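What follows is a single chain, given as structure tokens, in the form predicted alone.
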């Protein structure tokens, strides 16, 4: 979330920039300032009463020493009254503070100045494209027909075992899935990322730290008995490693990666555009996460984008990179780039990765800070993450784009991992 200090010092800028996200912050910024003023006034009253009580406490001892018993007892009665007043004010302060924090988490992150105005994905700006469009043979099929033809993924069995959106990968389909995960992890390791294998259940504090709570609880699977959440992305546990941590400046940037299954409820999405692998409740993803110095975070964002691009190029998939407009940028992100690959049989672009800079928004929730030798006190770091990559739509595009009358060709870079070059 935005810091109170930043809001106080940049109220007009925040209101103006959040218009890019189609968010009117004027009323809530005013409420925050009003509640903060109440909190300050309450704290001043508490401090004044405590000072008076301390003064009386010193006087009581002197009065007893001078045998002024009645005056001493009157002073003791007065201190008891002051304690009750302080207790009431402390309760009021806690209520104001709680209300203030509830208001602070309602303000989205301020978008970077390069984020364009817009309301939907149609307003996103393409900044780059690459790869060659495949030419498919007559009679080509979308991936949901290919997986049945070659018996590599079973949606009906997944529905029997769990429910819709939980596929079962079989035979060469399972091996290809495992190959993609290993390939993505190896590519991230070669780029300097340290591998993490985190839990796939997280607590409320972790969900709050990265901004999934209280904003996206409806999208998360909730294990209610233990009040734990299945991870929607490895971003949550991996970034939360640095909750309440002060890093040395020379440790930055911290570069971690993790493979996890991811779980998202994705309620209310139906139709041909979400058939097959296009949208799942459980899917696999390799995530890259960086904790960065504020001066370097946009340079690092470009580096992370280049990393994702290199993987897609090695898979020889046609792709485009778009900078998200304000209306399509997430609540917590300052800037996001999406990668889309072209699905030839569906004749449509599929989103396969988002790479985002959250600046200090997550770090403020996490209390993730860094300190240099010449710094008087720690300052908030910047956090970034990206999908490198999410598997389902990558797999859909690979199956469709590489189909031939005789089978599905496996991209050359994956053959050593799969140990086969064709699905027949």
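Residue numbers count along the first chain shown, from 1. The term rigid core refers to the most C-alpha atoms you can superpose between the two forms while keeping them within 1.5 Å. None of these values were measured; they are calculated from a predicted model.
Another form exists, predicted in complex with the RNA; not displayed. Remarks below refer to it.
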query: Close approach of residue 53 to the RNA in the predicted bound form, 4.5 Å, heavy atom; finding: yes
query: 4.5 Å heavy atom contact, residue 39 and the RNA in the predicted bound form; finding: yes
query: 4.5 Å heavy atom contact, residue 246 to the RNA in the predicted bound form; finding: yes
query: The RNA contact at residue 79 in the predicted bound form, heavy atom, 4.5 Å; finding: yes
query: Heavy atom distance at most 4.5 Å to the RNA in the predicted bound form, all of 57, 61 and 377; finding: yes
query: Interface stretch in the predicted bound form with the RNA - options 300 to 308, 178 to 186, 71 to 79, 147 to 155, non-hydrogen atom within 4.5 Å; finding: 71 to 79
query: Partner contacts in the predicted bound form for 81 to 97 (non-hydrogen atom within 4.5 angstroms of the RNA); finding: 83
query: Residue shift check between this form and the one not shown, rigid core fit, residue 66 Cα at least 2 Å; finding: yes
